[in-house]
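For reference, the chain that follows is the form predicted alone, supplied as structure tokens.
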């Protein structure tokens, strides 16, 4: 299985002969480039075109994060897995209102399922679980537009986030969800985790024939890979939120792992390392797939979701979103 490399220190990426190195002031280590599919860069890292060209030959995506640890952009090599037919069919599903709403609904349905799954494990959140079920059941049969669907999803998610105060430590009280910028530790954790899952999903899309800019729930735009946002909706509660709950309730991350700067709260370097390590473990955890009859990692389920969309576009099989059964 190809691996993910996270670079959290300052340094340089350099190619020498047929080897890629990461160098800091105190060490120099080689990178097993043949077994890497993506590199997440958080520190101040210098690299030149020689290194970029070498990285491109292996189809490795570089994801860059800003000073606060939030996603800034990606270096995406030329795609090797392309299909004009798939892209045309993907675009046609966007242009057809009913087909677009169907797919958008699937993404939200899976997200809501995984939110409720998280709360079912916690007796303290029973009232919030019931409120989500009522909101979803009362609204999901009356969807006639993307805006109505996103409004319903937003109401469900607000209830979901409100439940966090029932089972997370008091230090991580959430008054409301804040994104730009996050002003407290719990919002900083959610934003950081969502950035990581967005870029992870983007890597999985890259290795398929899907076009990452043609989306269904989120409006396509020139400044983002919006299909990654769509698919991320499925995996944010399933992966990111479960990682947050574990880290906070086990006191692996505390207030000392955060810094503040002009109403901007963010994980410090040590906090990022702890979060990234737990996220990596989660993504590499395997679950027996019921149809394939083999173990599949959480990251593998993201790739499978992309393949299911392709099958839907070409008419092989109607798309059914992931609903974790384990």
Partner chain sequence: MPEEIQELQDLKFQGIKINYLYVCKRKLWLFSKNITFENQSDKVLLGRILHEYSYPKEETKEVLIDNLIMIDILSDGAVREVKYSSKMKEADIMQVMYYLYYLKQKGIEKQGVINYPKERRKETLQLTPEYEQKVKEALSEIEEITSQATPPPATKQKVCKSCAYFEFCWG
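Residue numbers count along the first chain shown, from 1. Note that the structure is a prediction, hence the values are computed from the model and not measured.
Keep in mind the form predicted together with its partner chain is missing from the figure; the text below concerns it.
S.K.: Quick one: which of 242-250, 108-116, 78-86, 219-227 gets within 4.5 Å of its partner chain in the predicted complex, going by heavy atoms?
M.R.: Heavy atoms within 4.5 Å of its partner chain in the predicted complex occur in 78-86.
S.K.: Candidate spot 179, 265 and 272, all three in 4.5 Å heavy atom range of its partner chain in the predicted complex?
M.R.: The answer is no: none of the three residues contacts the partner (heavy atom, 4.5 Å cut-off).
S.K.: Please check if residue 288 has a heavy atom lying within 4.5 Å of any heavy atom of its partner chain in the predicted complex.
M.R.: No - in the predicted complex, heavy atoms of residue 288 and its partner chain never come within 4.5 Å of each other.
S.K.: Hey, in the predicted complex, does residue 25 get a heavy atom within 4.5 angstroms of its partner chain?
M.R.: No, no contact at 4.5 Å.
S.K.: Would residue 21 count as touching its partner chain in the predicted complex under a 4.5 Å heavy atom rule?
M.R.: Contact check for residue 21: no, nothing within 4.5 Å of its partner chain in the predicted complex.
S.K.: Heavy atoms within 4.5 Å of its partner chain in the predicted complex: does residue 308 have any?
M.R.: Looking in the predicted complex, residue contacts with its partner chain include residue 308, since a heavy atom lies within 4.5 Å.
S.K.: Heavy atom within 4.5 Å of its partner chain in the predicted complex: which of 232, 90, 191, 209 fits that? Just give me the one.
M.R.: When its partner chain is considered in the predicted complex, the option within 4.5 Å is 209.
S.K.: Across 288-326, which residues bring a heavy atom to within 4.5 Å of its partner chain in the predicted complex?
M.R.: 289, 291, 292, 294, 303, 304, 307, 308, 310, 311, 314, 315, 316 sit within 4.5 Å of the partner.
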